[in-house]
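Just the one chain here, laid out as structure tokens, in the form predicted on its own.
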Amino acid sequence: MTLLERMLMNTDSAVILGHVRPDGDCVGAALGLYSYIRSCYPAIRTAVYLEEASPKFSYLKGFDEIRHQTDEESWRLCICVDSSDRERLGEFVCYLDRAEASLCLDHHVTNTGYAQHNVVDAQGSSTCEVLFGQIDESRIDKSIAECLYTGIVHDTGVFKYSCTSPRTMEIAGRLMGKGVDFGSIIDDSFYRKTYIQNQILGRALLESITFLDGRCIFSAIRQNVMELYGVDGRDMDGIIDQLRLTEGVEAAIFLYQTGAQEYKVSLRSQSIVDVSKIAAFFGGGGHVRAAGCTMSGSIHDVINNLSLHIAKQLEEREQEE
């Protein structure tokens, strides 16, 4: 019996939390676990608290039941998914502090082990892959499978990123066997964009700049531009990945403004730069090839600070060779 199952057997209430600005893996893991508890442990009172996620995930069962505001409720067990540290839980960290017991399911190499119990597999493609290993496969129905498949698809870039392993593909195949419409999940939640999202993507690409002899690229969207197009952070999906695919680029940076002199930063790399170390240095986290953080200052300040770390890693690799 897994740690998750043991903890569920010893509680009568459980709250599920994820990180701020939830992505596909976060939403998929949270709702997959939510549906699993409701199906297999109906006596447990449970709920999911997350910031508002993109409506493109509305096909997932339980999406409309996610709570977006804090309240005075308390839960005996707090389960945190896809969150590497307490700060990533945002305002919902209060439920972690009130809980008698806590468990973190994650796959970030930068995880700080902040819960009482932690199941962190840095080799896992996604938190949904980690969750799959913690639940009874025979009790996974189609709705749960859709959640887990969604998370795996998003954190592997549709099975393209280096985090994709033979086990990842095996798990995806088993989930497909549950009857998920995998083609629609990939098209509708990963590739499909609104007209406005395509416009902001085009602007970000048009205004991108290469540096470090073309080995790095960055683009930035200021708050006034976001207001002009009527977009928010949820509409920025895919921009950093398109920048990463620029020929000759090893590292890509995308930032959008979230406040006065404050930017949300996304980092991607191809095969040399460990962006998780860079993000961690600036208070963020993530994976070797995909990470993020929040930074203060002007765009010039942010890029200069990041480029120093990228250049250092590139120089170290050249010296090794």
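This is a predicted model, so every value here is computed, not measured. We number the residues from 1 along the sequence you see.
What comes next is about the form predicted together with a small molecule, which does not appear here.
- For the small molecule in the predicted complex, the listed stretch (55-63, 41-49, 288-296, 27-35) containing residues with heavy atoms inside 4.5 Å is 288-296.
- Residue 244 falls outside the set of residues with a heavy atom inside 4.5 Å of the small molecule in the predicted complex.
- When the small molecule is considered in the predicted complex, residue 84 lines it closely, a heavy atom lying within 4.5 Å.
- Among heavy atoms of residue 277, none comes within 4.5 Å of the small molecule in the predicted complex.
- Contact between residue 269 and the small molecule in the predicted complex is not found at the 4.5 Å heavy atom cutoff.
- Across the proposed site, 108, 264 and 284 without exception bring a heavy atom within 4.5 Å of the small molecule in the predicted complex.
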